[in-house]
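In C-alpha cells, the next block holds one chain alone, the form predicted alone.
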C-alpha cells in the first residue's frame, strides 16, 4: 500500500484460498492485458477467458504468456468445455489443456443438460490433469434451481475433486444467484452457506452492489468472480472499507 491507515481489514496473501478475485477477460488485447497487470496484478488471483472467446482471440498464446509472466493462472470458460462435450470431443478438450499448458479448467453445465453423475465423472477425470473449478447454476434465467439442489450439487462436485465451486451469475449478474434485476437471492446464498464452507465457493458478482453485499455478509476475504478488468481496484477498495458502500463496515467506532 502507498501509505498507512488504521482499521483496515487484513487481506489474505497470495496464493489465496479465500479472498480470491477471479477476473473475466472477454477479449482483451495483449496491450490491454499488459495495462491491466501493470495496475492490478497484486489483486488478481486467476483470469478466466470468458465462455469460448479463446476460440476467436488472435495471438492467444502471446496473451497467455503475458499472464504467465506475471504469475497469474488462466483458464478457459466453462462454455468452451461444454462446447467440446456436446460435440463428443472431451479428449480433444483435454489435449487442448495440455497444448496451452493450462493448470486450471472449469467444468460447467450452464448451457447444456448434463446428468450430475456425468458431470462429476468429468470432474474426476480432469482433476488428475488440472485443478478443477466447477460451476453450479443455469444460464437460463427462467430455470430456478431450489436451494437444496444447489447444496447437493456443490457438495457432490467438491467430493468429486473440484477445488472450488462457482455460483453462476453470467457476466451480467442477472441469473443463477441473482434475480433478473441483479438482486441477490439472499435466502439461497444463506442456505448454501449452512452446508458448504464459504472458502470453497467463488460467487460470481460482476455488479458493484453484488460485490458490496457479499463483502458485508462474508467479509473482506470472500471469493468473488466475473470481475471486469476495470473493476479490480474498485473491488479491492470495497474489500478494505475504502469506498462509500463499505466505509463504516470495518470501523470500530469506539477506537476512533
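Residue numbers count along the first chain shown, from 1. A quick note: this is a predicted structure, and the numbers were derived from the prediction, not measured.
If you look for the form predicted in complex with another copy of the chain, you will not find it shown, but the lines that follow are about it.
- No member of the trio 138, 183 and 253 reaches another copy of the chain in the predicted complex with any non-hydrogen atom inside 4.5 Å.
- Only one segment in the set 126 to 134, 155 to 163, 142 to 150, 82 to 90 has any non-hydrogen atom within 4.5 angstroms of another copy of the chain in the predicted complex, and it is 82 to 90.
- At a distance threshold of 4.5 angstroms between non-hydrogen atoms, residue 96 is in contact with another copy of the chain in the predicted complex.
- Residue 104 falls outside the set of residues with a heavy atom inside 4.5 Å of another copy of the chain in the predicted complex.
- Among residues of the shown chain, residue 28 is one whose heavy atoms approach another copy of the chain to within 4.5 Å in the predicted complex.
- Residue contact with another copy of the chain in the predicted complex: residue 230 places a heavy atom within 4.5 Å of it.
- Within 4.5 angstroms of another copy of the chain in the predicted complex, the stretch 24 to 48 places a non-hydrogen atom from each of 26, 27, 28, 29, 31, 32, 34, 35, 38, 39, 43, taken in sequence order.
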